[in-house]
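Here you get one chain, nothing else, as structure tokens; it is the form predicted on its own.
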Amino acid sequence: MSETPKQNSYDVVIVGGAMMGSSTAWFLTENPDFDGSVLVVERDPTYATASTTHTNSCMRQQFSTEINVRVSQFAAEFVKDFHNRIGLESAPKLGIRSFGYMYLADTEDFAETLRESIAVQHAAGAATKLMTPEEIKRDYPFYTVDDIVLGSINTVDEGFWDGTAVFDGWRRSAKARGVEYLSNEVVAMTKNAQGTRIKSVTLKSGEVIACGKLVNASGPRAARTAAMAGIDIPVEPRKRYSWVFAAEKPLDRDLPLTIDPSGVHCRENGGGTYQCGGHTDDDPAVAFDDFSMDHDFWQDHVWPILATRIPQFEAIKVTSEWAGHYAYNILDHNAITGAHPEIGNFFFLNGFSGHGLQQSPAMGRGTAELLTYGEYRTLDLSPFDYQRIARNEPLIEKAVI
């Protein structure tokens, strides 16, 4: 049932209250130079189908562009200091289970990409190392590496973290500091006569809310939200499958988040269980409410790949499974941020293509700075600016899962 807003005008209206929207809202409350009102409009307060809920909750520094490395490094810093930062006595002390990501290259071309990327990562201070097949087999004897040319792994601040706890902390703290969360849906936007600003939003329940600035943080629905302002962005829902399984013979050490050359990925889950994911070769946009599973994909594709790469996974039992959506940027798989060049109070926080959870601390902080000062004050996120979308100039990131 839709809720009614407490007032008819807000300085900032955030469309979407999941990880990105809540991060931005919280960082606004954290900024001593921001004293405005904030409304977060969330169409589903259960977050049952949100990308935030369906994530595998891992972070990595193994990217091929410096900005993506820096964004993840701030995430690690934030998560490890979460208890002190969040401003809630009940907030847990968090850490990162740093089993690392293991990229496996089965071609010399991809091996060269790993070599080029590690130079970028080392320049940013990451602890990534390359491994020969023999070194991989020595440290992780459960792998089959006969077809592998090179591996890449980083076991410092790279692995699993409790994204749900961070998300919950952001929401609870933001609410306690005065941010209003509204169970409702933005269905229309009105611009001023010149078409240079969003003047108001219309809610599904009928209310018209004036806004000073608007943030599109609506995940896989980002293009639909942007279209209300007459803006086109290349973001669409792409289905991603996940499975949790128990192994009859668990591995004798942590399984890094392994990126198989096939695209299937699998990681340690604890207690003799593991989580893996992937997508079909045919990867179309799907309906916003399409979360159906493809059981043949597991049986005919994913499980055989797992059992080949890790023979101990020949005998496993799936304990849970689900389908979620990437907010997929079809131009370059990178975030879209910043303000629209013509509609100056419309801000983007879209298209994270599966990287959103780990990027949310830096993105929320940066967007809050942009809303407050009109510029970034900490990490310069301008490489992700919407302007590149308008110019059709992709920001190429080679480490996309």
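Each residue number is its position in the shown sequence, starting from 1. Everything numeric in this text was worked out from a predicted model, so none of it was measured.
What comes next is about the form predicted in complex with a small molecule, which is not displayed.
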**The unique member of Gln62, Asn56, Asn334, Asn345 whose heavy atoms fall within 4.5 Å of the small molecule in the model of the complex** = Asn56
**Asked** What is the one choice in Ala368, Leu357, Val38, Ala362 with a heavy atom within 4.5 Å of the small molecule in the model of the complex?
**Response** Leu357
**Asked** Can you pick the stretch from 177-185, 105-113, 90-98, 120-128 whose heavy atoms fall within 4.5 Å of the small molecule in the model of the complex?
**Response** 177-185
**Request:** Classify Val235 as contacting or not contacting the small molecule in the model of the complex by the rule of any non-hydrogen atom within 4.5 angstroms, answering yes or no.
**Result:** no
**Asked** Heavy atom to heavy atom, is Ala50 within 4.5 Å of the small molecule in the model of the complex?
**Response** yes
**Prompt:** Would Thr225 sit within 4.5 Å of the small molecule in the model of the complex, counting heavy atoms only?
**Reply:** yes
**Prompt:** Wondering, does His325 line up within 4.5 Å of the small molecule in the model of the complex on heavy atoms?
**Reply:** yes
